[in-house]
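Below you'll find only one chain, the form predicted on its own, shown as structure tokens.
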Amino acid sequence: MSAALAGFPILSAIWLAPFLAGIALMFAPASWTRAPRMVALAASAVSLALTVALLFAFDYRAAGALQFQERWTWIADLGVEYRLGVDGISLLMVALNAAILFSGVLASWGLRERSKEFFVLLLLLGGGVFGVFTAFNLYLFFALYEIAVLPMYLLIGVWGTGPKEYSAMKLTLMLMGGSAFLLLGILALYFGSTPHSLDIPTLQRAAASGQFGIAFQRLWFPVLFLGFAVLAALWPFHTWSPDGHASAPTAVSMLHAGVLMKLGAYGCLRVAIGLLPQGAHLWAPAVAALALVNVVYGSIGAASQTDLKYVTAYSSVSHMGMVLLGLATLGTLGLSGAVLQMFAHGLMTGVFFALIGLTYGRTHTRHLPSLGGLARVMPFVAAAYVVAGMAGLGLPGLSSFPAELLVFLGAFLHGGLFFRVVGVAAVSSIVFTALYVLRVLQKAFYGPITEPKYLELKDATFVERVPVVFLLSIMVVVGLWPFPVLRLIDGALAPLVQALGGLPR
């Protein structure tokens, strides 16, 4: 840990910068039309700058240990504490959220309708996500988890498009249902530990000492895993996600796919698998089977859509299936691939939804048959979509390639015939992925101009290009040089893999 940051509560500063800025914006006069976006940009930039400082100060040799801890007793009798910290996995997720939140604010730069309320909710959401990725007390974790999820209802219901009220209500009800399972699982962990505790490291030690027996883990692992997996769009609980994606405004889609779905996968890894490892072994085949449905069904669904947002929404269901499949392998290769896929997919979908927002803002349609030839008038948007599309295909040199390769290898080398069959079947989704990516490129960006009015369209402005170039740059750097990121992930996974049986596969 860097001496320069010793004693400075950097993790609190990272999540409170957008959170407090959002609260402060509530009191801004309605006449301040430019203030909301400026405050949102400043707050997200502060979190991004602090995250960069955190990346430089982090001790990568001890990626499995909690660093930059902040701990204060809150409600001593109930074991409720304000406890923050980061290990290698948390650090990577914090960096992802910082990049997506900053990019999402820039992608919403032109928003004028009730901009104050929009940026208030966006900042509260972003702050909540930062908090979840750094919280190591289950009470604080759950509270911040709800803060991160609830603003989605208004962000979609007020600023969305299409059947936005239906989509917002469906999303909220399904995610609140998942939260009910989470609360039950957290209470079970609390009362199942001796002494009762909500502290995640303490619960990890309780699990290692055998306090949670086989019967306990067999019962409560699926409850906890399902509670988080609903947010990770696990089939058949995924249906809220495509509708939510399609109706959400651009920045909300970026955060929805880029980081909110990752909260679900992160919770599956950190809480369900991390605290109930024997239960994870018992239920791993069922998780792998459902994840396989995600992978194949999502890619086929994306290939059959004619709405640009629905294409990316169903592709997200497929790629999140890759994450869940990697988690189900319970080995170093698959788990590393799952975490890297969370990061890579967050960047990729952030780019996709930013570009779809640009396209829709100019053409006023997302209907593929109505588009065509846009590369002639929007060459930057077309070129960026090609790069993001190739990332979706898992092209070598982009961040998705090492992630998907590790997931496939983790499944195939798991040791059992079932996982090998699942791994081979999951690879088949690449065919459908190629189909929908190339189909979108052909119909929307290449070929003849389908509407004369498209000849008058302008390419992306400088402000619109910044978030796209920023996210694409990270994708390329990680794709060409993934080893530092993988060493960070593997270091953080080492204690978990040991708890899962010490298998280095």
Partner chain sequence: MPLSPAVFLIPLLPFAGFAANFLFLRRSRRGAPLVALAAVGLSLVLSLWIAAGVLASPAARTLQTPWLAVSGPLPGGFAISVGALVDPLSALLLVVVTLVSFLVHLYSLGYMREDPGLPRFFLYLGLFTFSMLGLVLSPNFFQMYIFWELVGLCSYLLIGFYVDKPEANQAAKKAFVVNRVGDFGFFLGIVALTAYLGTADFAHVPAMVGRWPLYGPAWLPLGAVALLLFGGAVGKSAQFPLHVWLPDAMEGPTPVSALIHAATMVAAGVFLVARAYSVFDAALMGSVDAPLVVAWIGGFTSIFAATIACTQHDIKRVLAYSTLSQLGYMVLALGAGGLGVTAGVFHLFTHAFFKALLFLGAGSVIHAVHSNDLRAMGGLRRRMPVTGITFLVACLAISAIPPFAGFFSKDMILDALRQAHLTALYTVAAGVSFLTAFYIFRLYFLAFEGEPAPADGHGGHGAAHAHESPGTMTAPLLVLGLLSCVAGFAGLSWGGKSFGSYIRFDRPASLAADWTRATALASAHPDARGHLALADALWAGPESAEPAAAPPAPEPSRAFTLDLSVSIPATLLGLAGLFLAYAVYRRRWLPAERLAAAFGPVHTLVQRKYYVYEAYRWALDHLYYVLSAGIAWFDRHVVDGFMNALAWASQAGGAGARRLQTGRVQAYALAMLAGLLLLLASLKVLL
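Positions refer to the first chain, counted from 1. Since we're looking at a predicted model, the values are computed, not measured.
Note that the form predicted in complex with its partner chain isn't included here; everything after this is about it.
Between the options 42, 28, 438, 62, the residue in contact with its partner chain in the predicted complex by a heavy atom within 4.5 angstroms is 438.
300 is the sole member of 150, 158, 300, 223 with a non-hydrogen atom lying within 4.5 angstroms of its partner chain in the predicted complex. Using a 4.5 angstroms limit between non-hydrogen atoms, residue 495 is distant from its partner chain in the predicted complex. The closest heavy atom approach of residue 349 to its partner chain in the predicted complex falls outside 4.5 Å.
Residue contact with its partner chain in the predicted complex: residue 238 places a heavy atom within 4.5 Å of it.
Its partner chain in the predicted complex comes within 4.5 Å of a heavy atom belonging to residue 486.
Note that among 34 to 42, 49 to 57, 441 to 449, 65 to 73, the stretch whose heavy atoms approach its partner chain to within 4.5 Å in the predicted complex is 441 to 449. Three-residue candidate spot 304, 394 and 490; every residue lies within 4.5 angstroms of its partner chain in the predicted complex by at least one non-hydrogen atom. Heavy atoms closer than or equal to 4.5 Å to its partner chain in the predicted complex belong, across 166 to 186, to the residues 166, 170, 174, ordered by sequence position.
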